[in-house]
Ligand code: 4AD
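Only one chain is included here, represented as structure tokens and corresponding to the form predicted alone.
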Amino acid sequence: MKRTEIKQLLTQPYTEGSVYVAGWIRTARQSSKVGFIELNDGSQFGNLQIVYDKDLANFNEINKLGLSAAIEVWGEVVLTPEMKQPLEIRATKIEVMGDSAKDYPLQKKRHSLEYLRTQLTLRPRTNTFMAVFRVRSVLSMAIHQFFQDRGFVYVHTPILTSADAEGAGEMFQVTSLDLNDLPMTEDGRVDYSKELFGKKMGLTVSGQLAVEPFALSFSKVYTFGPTFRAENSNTVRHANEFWMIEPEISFCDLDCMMDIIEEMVKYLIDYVLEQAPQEMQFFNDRIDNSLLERLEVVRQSRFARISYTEAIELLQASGKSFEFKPVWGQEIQTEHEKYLAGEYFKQPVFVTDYPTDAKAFYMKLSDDGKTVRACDLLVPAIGEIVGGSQREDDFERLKAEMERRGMPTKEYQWYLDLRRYGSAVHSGFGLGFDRIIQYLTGIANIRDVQAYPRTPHNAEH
């Protein structure tokens, strides 16, 4: 008999008959005459109830099974419309594929998220993390669906690179050299010409610079992959390895780009609510009881837009006692972002036109000469989840800005040349994939939306 997935049983029209299922024991209630097993095979969030009694040939063996034991079940589907579950399986045969030792670390009680971080390989078996990683999978598909449906070309950008897109010097260095016998130049420096690639290399901090040339050929492109930051930051929003969605769009200015961002965020919410309704209801019930209401507000609202200067003025006039005093020219801190989106606007808000020195070198200089055509999307509870800008399309202005920042223009000549060979107005943004998952699930810590989080002093598995 072919195995039937639990999702198929519980989502298709319910019918009685013989069935064969397999999965892991999530909970079990046992007595001397009858037993009840909640079985899950990973095909969906909900469990399937298995009922067995003394007539089972190996009743005593099954009655001793521990949580997470893997079993096969043959039996009859019995409809139970008067019960919480629409049907159950009356088992005629149960075989053990793999018992679970009595010291199984995840017993039938609520474990803290901190404890579960010590059980990375087992935590996907819990309700919380089964829901998190299902949503992560669904959201990955939603990203591609959104851009593919709109004619964007997916570009695979390199993970190994010599270009620091952010110019912040936070790249992980990667080397093929023998660290115990480094080749040196006459002046005592490491001789990177002996590297496999003939130069100093690192892990990418962004795919933007590599995907941007494709926008000046295909008009609409995106890359979606891992990025890295070698910063010692121990916050609930930062990790050293994370995923980014980075589109680039030609013939599109800042306002055009913000329209795309807003459309995308609403699309992602709609998609996840439709494809993972059980998981989203779980997050609303167990993690944040305002989650679904908050997401509905986002779906129905027109995102607010204010300039950085207006944002600083609002923060200064708020009467709030911030840890970091809001000052023009300095970064807007997470506490400021949460106030603006969560308390003042109570919805997502774009903050635009940041001071030049607060942003990256490639952003379009505004007419005032002091700000750049950049934006951040701030959302309640999380803060910034999207950052983007109109790119500087003028060769002389871009070169002057790079020189002002002391950047090695020779190494970026290919990037400058894009402004010499058919330059066009174009814009792009980066969406922190892990942060949008935090936002959609209500999970506070980025470590709890990543399968194997990479944070300072934490690189298990």
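From 1 onward, residues are counted along the sequence shown. As the structure is a prediction and not an experimental result, all values here were calculated from the model.
One more form of this protein exists, namely the form predicted in complex with the named molecule; it is left out here, but the text below deals with it.
Transferred by C-alpha superposition from where it sits in the predicted bound form, the named molecule keeps all its atoms beyond 2.4 Å of the backbone and C-beta atoms, leaving the site open. Using a 4.5 Å cut-off to the named molecule in the predicted bound form, not one of 7, 46 and 129 places a heavy atom inside that distance. For the options 134, 125, 229, 266, the one in contact with the named molecule in the predicted bound form, meaning a heavy atom within 4.5 Å, is 229. Shown without its partner, this chain lists 262, 384, 353, 88 as candidates; in the predicted bound form, only 384 has a non-hydrogen atom within 4.5 angstroms of the named molecule. Under a 4.5 angstroms non-hydrogen atom cutoff, the named molecule in the predicted bound form has residue 362 among its neighbouring residues. Contact check for residue 52: every heavy atom lies farther than 4.5 Å from the named molecule in the predicted bound form. The named molecule in the predicted bound form comes within 4.5 Å of no heavy atom belonging to residue 373. Contact check for residue 246: a non-hydrogen atom falls within 4.5 Å of the named molecule in the predicted bound form.
Checking 144 to 152, 69 to 77, 237 to 245, 327 to 335 against the named molecule in the predicted bound form, the stretch whose residues place heavy atoms within 4.5 Å of it is 237 to 245.
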